[in-house]
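Just the one chain here, the form predicted alone, laid out as structure tokens.
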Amino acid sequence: MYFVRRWSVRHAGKLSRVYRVFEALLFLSTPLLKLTGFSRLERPTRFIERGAKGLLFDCRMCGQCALTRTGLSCPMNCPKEMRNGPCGGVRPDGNCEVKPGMRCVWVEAWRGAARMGDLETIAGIEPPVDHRLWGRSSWLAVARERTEKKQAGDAKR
């Protein structure tokens, strides 16, 4: 998994373009998802998401995916689960202080963000992990959020 995770960061530019297409398709299908019911879709979507993101990014299914904001390097792979940058223990060679054979997730994240051409987004602050969302589909969460924002916007008119 570690090898594939590093491969994904090296190819972050191409993979982010693929994800933007996927995200556009997800947004287009939001009315159908809503009609079917987000809760009904949680289990099969979670299964597919865990397989795809688990393979490519060693995803931990935190339910609050930050991959597109962290250069396709999942911050939950950090042994300390640092979501807003590296700890003070990054070794001079860029490896983790806890797992010396592993590159620091945040060193990889900055490299991935550079390949994506998005060094502004990675500098943002991520909220703390909401442990109630562990194991839930972040894809459906994004679709749900979009639906709620659209409904709120329609209600204001």
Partner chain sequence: MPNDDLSGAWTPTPRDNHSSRGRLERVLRSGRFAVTAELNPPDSANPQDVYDRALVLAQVCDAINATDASGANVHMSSVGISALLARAGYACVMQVSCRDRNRIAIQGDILGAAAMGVSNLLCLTGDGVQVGDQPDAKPVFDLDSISLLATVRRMRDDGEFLSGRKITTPPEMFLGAAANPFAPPYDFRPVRLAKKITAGAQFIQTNYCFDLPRLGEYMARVREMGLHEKCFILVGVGPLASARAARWIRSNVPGIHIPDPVITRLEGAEDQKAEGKRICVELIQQIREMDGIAGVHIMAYRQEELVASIVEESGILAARRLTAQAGAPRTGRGRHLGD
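Just so it is clear, the model here is predicted, and its values are computed rather than measured. Residue numbers count along the first chain shown, from 1.
This next part talks about the form predicted together with the partner chain, which is not shown.
Exercise. With heavy atoms only and a cut-off of 4.5 Å, decide whether residue 98 touches the partner chain in the predicted bound form.
Key: Although the partner chain is absent here, residue 98 would touch it in the predicted bound form, with heavy atoms inside 4.5 Å.
Quiz item: Does the partner chain come within 4.5 Å of any heavy atom of residue 50 in the predicted bound form?
Solution: Although the partner chain is absent here, residue 50 would stay clear of it in the predicted bound form, with no heavy atoms inside 4.5 Å.
Exercise. Answer with yes or no whether residue 102 is in contact with the partner chain in the predicted bound form, where contact means some heavy atom within 4.5 Å.
Key: Contact check for residue 102: no, nothing within 4.5 Å of the partner chain in the predicted bound form.
Quiz item: Heavy atoms within 4.5 Å of the partner chain in the predicted bound form: does residue 43 have any?
Solution: Contact check for residue 43: no, nothing within 4.5 Å of the partner chain in the predicted bound form.
Quiz item: Thinking of the partner chain in the predicted bound form, which stretch from 35 to 43, 120 to 128, 52 to 60, 22 to 30 has heavy atoms inside 4.5 Å of it?
Solution: Checking each option against the 4.5 Å cut-off leaves 120 to 128.
Self-check item: Contacts with the partner chain in the predicted bound form, stretch 74 to 95 (heavy atom within 4.5 Å)
Solution: 79, 80, 82, 83, 84, 85, 86, 87, 88, 89, 90, 91, 92, 94, in sequence order.
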